[in-house]
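Shown next as structure tokens: one chain only, the form predicted alone.
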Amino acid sequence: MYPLQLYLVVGTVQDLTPGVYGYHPDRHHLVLIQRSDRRNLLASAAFGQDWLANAAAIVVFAADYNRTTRKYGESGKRYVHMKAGHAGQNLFLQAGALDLITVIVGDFDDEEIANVLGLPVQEQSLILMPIGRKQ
């Protein structure tokens, strides 16, 4: 029933090939989905927020609403958004603990993000969180 799916769009991260990774929580590991740096394409899909392309990596929160609405009906959408908020807050806390910085980006073209990442049709992008070092 857990609705969130996380993707990591990597540009310059030590020991990771640039590309798009899916996070698999059951085994707590990343799986390479696309082997190319997609940060510029995400920046373009975020209506030209070019600074996104300079992040070391971008975490994309997506959701499959059906996983939750099957049980809870329309109010399940609200629960999905709460889960995304909680997960985003956890990323803020972890970034801070590692002396990194992040921010929430919510202004983007949903279809473009889906195309750039090759999201399954049932998943909807919710949040982009670029991660980088403090300057």
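In this text, residue numbers run from 1 along the sequence as written. Keep in mind the model is a prediction, meaning the values are calculated, not measured.
The protein also exists as the form predicted in complex with a small molecule; that form is not presented, and the subsequent description refers to it.
Segments offered: 53 to 61, 105 to 113, 77 to 85, 30 to 38. Contacting the small molecule in the predicted complex at heavy atom distances within 4.5 Å is 105 to 113.
In the predicted complex, T69 stays away from the small molecule, with no heavy atom inside 4.5 Å.
For the chain shown alone, Q94 is not a contact residue for the small molecule in the predicted complex, no non-hydrogen atom being within 4.5 angstroms. The closest heavy atom approach of Q89 to the small molecule in the predicted complex falls outside 4.5 Å.
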